[in-house]
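Quick heads-up: it's one chain on its own, the form predicted alone, in structure tokens.
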């Protein structure tokens, strides 16, 4: 982590992570793993050793210099929803990443406090090796949940979010090591630092007004000058929880970069994957056309646009409506839930109270209603015309038992339909000098009694004759 010079007074403007390490000081004591033995390892091996014999990453499949990359997962102020979302991802799946099943990608050696087999000091063995610079492969750090102000907690001898214990207390006494401390010590040597979920990316719910924790994002903690050993700033994948595929896909993209297959993909000015968060919810919403036509839901369960019952979709960056929650299934607006802006840096304070009409939406919804009062009838008018075969227009009848009580278009609507078709044909560069309204030749013997005597006995149909357009009805 690079310190930067403050131009006003010439003093070093150090990140919060660096300031935190100044308070804690360096560490030089570690667990005696020979003394500990297999304690905390029920399988008598750790997760890496268990998967290594069957993992597919190797000289043939990896196609690059890296066979594996360690991933250290830490939990700050978190509900563990991000972990749940990632385990449900499918493109790529967590299992595929752990097994190195994607050609070109190194396998991930995941050190997750819930998913790993080992626990206690044996779980922290790889963490210690990373801090000492003895790890056998590059590593990335992943933060789930927000960073807290542990300095405030330390004033009363407490802590907010512990992630294990190390003999780093006075005279080698074991003490709790917070997510903040692990991140601060490991981030300078990480190949990439990734925040998953809105709590880690922007502070989220734990940072809401009135919270006592001083919660903040990973980006706030490490500072804007932070760069990983590969020159990558903090990567943010927001969501509460995020779409699991969004996160795993981003991890895969970073791994391809670390493997040397190409440049880092595009991220926006806030470190979000631009290809995932470049559009608003509204632009791909399954209810978006209702907004355009000025049709709005009055209560939950209605099929129309949800803006007037609290949906912030038109201004929120997220791809939930196009990607769904899991495997392109579900997603808030797709199943009737209004967007409350959970992927945005201003969440939750700037989006409360939830499920109330956003203040700026009154302008757009009023304009949309005015436009929709004209657009919607015109579209229904065109739909009526396009919802008919040309034969039915010519014969003035729909041969459907379901439509026996449905009246045919009258002279006025028929004339309008013909005008619509005439306008359509004006853009047809291959048009002929036929009259408009679809096909101009038709088998009509079944409808025209004058043709019935002309039918040959052998069942052969007569030659087609030109039929002029008729006004239906």
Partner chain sequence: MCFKTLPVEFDDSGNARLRGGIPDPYSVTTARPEVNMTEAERTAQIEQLVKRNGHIKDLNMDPVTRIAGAMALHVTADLQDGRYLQAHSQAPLFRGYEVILMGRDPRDATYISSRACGVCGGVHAHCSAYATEMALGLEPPPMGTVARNLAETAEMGYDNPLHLYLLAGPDYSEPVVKATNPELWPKAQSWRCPGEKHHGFKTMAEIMTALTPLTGELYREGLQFTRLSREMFVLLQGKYPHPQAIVPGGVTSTITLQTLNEYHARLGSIFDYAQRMMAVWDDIPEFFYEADERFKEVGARPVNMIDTGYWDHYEAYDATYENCNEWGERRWSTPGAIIDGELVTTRLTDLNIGFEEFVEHSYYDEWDGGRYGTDPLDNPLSPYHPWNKRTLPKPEPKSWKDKYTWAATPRWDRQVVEAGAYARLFITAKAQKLPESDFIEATGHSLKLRIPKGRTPETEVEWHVPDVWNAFERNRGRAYHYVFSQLVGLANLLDAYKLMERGEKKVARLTASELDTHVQRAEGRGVGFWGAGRGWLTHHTVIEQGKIVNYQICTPSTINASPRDPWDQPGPYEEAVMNTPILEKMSDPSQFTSVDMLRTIRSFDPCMPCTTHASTGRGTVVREVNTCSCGADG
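Numbering follows the first chain given and starts at 1. Here the structure is a predicted model, which is why all the values come from computation and not from measurement.
Form predicted in complex with its partner chain: not shown, discussed below.
Shown without its partner, this chain lists 398, 131, 295, 240 as candidates; in the predicted bound form, only 240 has a non-hydrogen atom within 4.5 angstroms of its partner chain. Note on contacts: among 271, 206, 313, 100, the single residue with a heavy atom within 4.5 Å of its partner chain in the predicted bound form is 206.
Looking at its partner chain in the predicted bound form, residues 65, 185 and 194 place no heavy atom within 4.5 Å of it. Within this chain, residue 181 is remote from the site of its partner chain in the predicted bound form, having no heavy atom within 4.5 Å.
Not displayed here, its partner chain is kept clear of residue 220 by more than 4.5 Å at the level of heavy atoms in the predicted bound form. The closest heavy atom approach of residue 389 to its partner chain in the predicted bound form falls outside 4.5 Å. At a distance threshold of 4.5 angstroms between non-hydrogen atoms, residue 78 is in contact with its partner chain in the predicted bound form. Only one of 275-283, 91-99, 390-398, 225-233 lies within 4.5 Å of its partner chain in the predicted bound form by heavy atoms, and it is 91-99. Along 306-344, a non-hydrogen atom within 4.5 Å of its partner chain in the predicted bound form is carried by 308, 309, 320, 325, 326, 327, 329, 330, 331, 332, 335, 336, 337, 338, 340, 342, in order along the sequence.
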